[in-house]
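Listed next as structure tokens is one chain, alone, in the form predicted alone.
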Amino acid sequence: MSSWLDYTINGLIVGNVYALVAVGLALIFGVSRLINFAQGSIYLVGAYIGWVAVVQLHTPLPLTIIFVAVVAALVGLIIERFGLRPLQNSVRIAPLLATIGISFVLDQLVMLTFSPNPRALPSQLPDVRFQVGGGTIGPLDLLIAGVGISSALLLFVFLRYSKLGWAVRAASQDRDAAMQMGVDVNRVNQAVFGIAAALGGVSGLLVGMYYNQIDTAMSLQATLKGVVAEVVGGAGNVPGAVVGSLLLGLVESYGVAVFGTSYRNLFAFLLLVVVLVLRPNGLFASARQAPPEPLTGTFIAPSRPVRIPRWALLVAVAVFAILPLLPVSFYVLQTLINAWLLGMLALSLTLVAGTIGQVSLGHAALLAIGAYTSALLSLTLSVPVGLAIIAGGLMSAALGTILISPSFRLRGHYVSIATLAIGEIVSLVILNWESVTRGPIGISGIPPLSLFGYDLIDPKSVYWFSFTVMVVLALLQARLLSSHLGRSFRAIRDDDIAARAYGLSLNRYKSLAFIFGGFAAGVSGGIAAHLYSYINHETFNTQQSILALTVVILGGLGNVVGAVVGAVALVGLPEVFRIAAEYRILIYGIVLLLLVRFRPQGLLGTI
């Protein structure tokens, strides 16, 4: 009984920390209708600013908390003023993508400044425990609870009794009406981002003290947990975000008690998917609340696609086909092999996100399904590698479509959140299903690529194989998009309500798009598995999903040639300048920000 009380206390304490992140997200969503994926990066900044204050400056705890809150608030104000305000009149998904780019930039700047090595963050409080019933509680637990409760009370007073708080509430209820009544919406946005960032920074400090450790990889999980808590409670609903955070903390704590630590995140994302499917507006949203606005079609910037003559495409294909016969280095061939694999994933995503309008942030899960299927078939059943890769594509198409089908009924940012959650669930299932996937150990000794009994070991053979597969997939997709199916996909993307009025079955066509896209991604994952010879649950992660989305935007949404051009450009750019590996994600984030701001239609335009 005492252990369950400890798990309950732990769940409530962790829930208080989640609440600081989720309340900030709820405030921003209420005013801007934006899921701020950079909130976790501010949490990371707060943790490291706290480390500097505690370890380097030796500041007392109250001053440390104030210092972290002020610095984090300044970061939030800078993000709002220079990263998001210029996008106010852009298409609705542009700010969402901008926050993803900002998170990449902030995370990499922190890593480059402090190194990726974990650091100890002492709590500055006595290491004692007090008996409470059959459980125990420590000073840090009380501090976290006190900060969470006092922050909620201060926020309540601010929103209820201050003029700026009234303006925040007015803007969250009806932004246009608030502007007509003279509310300075820019000032409201500044206030909201400052408050949200301060809360996020303090939560990073408290978590670092709670676990006595911080590292540069903690931002993504903070963002995901905050988003889960906010959506469970109801996007834009501040009290709902608090209750959702406490519920999430308890679910995780009890799940760990029953199944073990490795299942902690799995329960969080399962809770999110269940809520999205059964009550997408959140557990505490009003029954009369309108559904979220669709994002389908809203990133399709007005543009005229760049038409490349067929002869030019044939020349380009011929040049890349004979490239291994020229005196080029192994390094160049390896770089282009990586580009062809990324191009296959980009072809998949440009069909799903660009042509039918389902912006997926968990597309790397399709890579993982294809990779594990092909690796296991070739290892355990001795299936020929070529057939195993095709089977991986088919499994990715079928299983991926089944998993993602609950999100077909969702709209707005919830589609992206659902795909992100499903991607995380796939990774966590791979981690915990040890009897099949070998768990955290991963799969090693995967057979090399082979075709008709001949091993493809040398770089030239691997290059031609991957290039040929990518060209075939691109031709098939181009043919698909020129058919009536492609026209139906674009009709759903541009206006799903009108498409449904004309008799198009939305779920059917979305399923078809994910089937075709899933096959291409699964084939890419299968080839990658046989190239790497070793894979585990971290091989195909969320970072790859965001990278694929950056490639698609760079080339042009829905543009088959653009997907390939974007992959070559994004993989080749860091290689051209021989930039160290730690700078690549920083470059990807900057490229994404510049594209969203100045060229949302991509290099070759949107089709």
Partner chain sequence: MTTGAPEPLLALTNVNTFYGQAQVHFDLSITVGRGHIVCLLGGNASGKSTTMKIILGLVKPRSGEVTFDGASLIGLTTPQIVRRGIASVPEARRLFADMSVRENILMGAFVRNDREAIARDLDKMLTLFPKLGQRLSQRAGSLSGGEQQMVAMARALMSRPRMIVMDEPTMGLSPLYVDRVLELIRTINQEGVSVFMVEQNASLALEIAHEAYVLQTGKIVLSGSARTLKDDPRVRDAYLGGSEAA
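Numbering follows the first chain given and starts at 1. Since the model is a prediction, treat every value here as computed from it, not as a measurement.
Just so it is clear, the following notes concern the form predicted together with its partner chain, a form of the same protein that is not shown.
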Could you tell me which of 355 to 363, 141 to 149, 157 to 165, 415 to 423 sits within 4.5 Å of its partner chain in the model of the complex, going by non-hydrogen atoms?
157 to 165
With the cut-off set at 4.5 Å between non-hydrogen atoms, does residue 314 touch its partner chain in the model of the complex?
no
Do residue 180 and its partner chain come within 4.5 Å of each other in the model of the complex, heavy atoms counted?
yes
When the contact criterion is heavy atoms within 4.5 Å, does residue 170 count as touching its partner chain in the model of the complex?
yes
is_contact(residue 176, its partner chain) in the model of the complex, heavy atom dist at most 4.5 Å
yes
Taking its partner chain as it sits in the model of the complex, which residues of 184 to 201 have a non-hydrogen atom within 4.5 Å of it? Please list them.
184
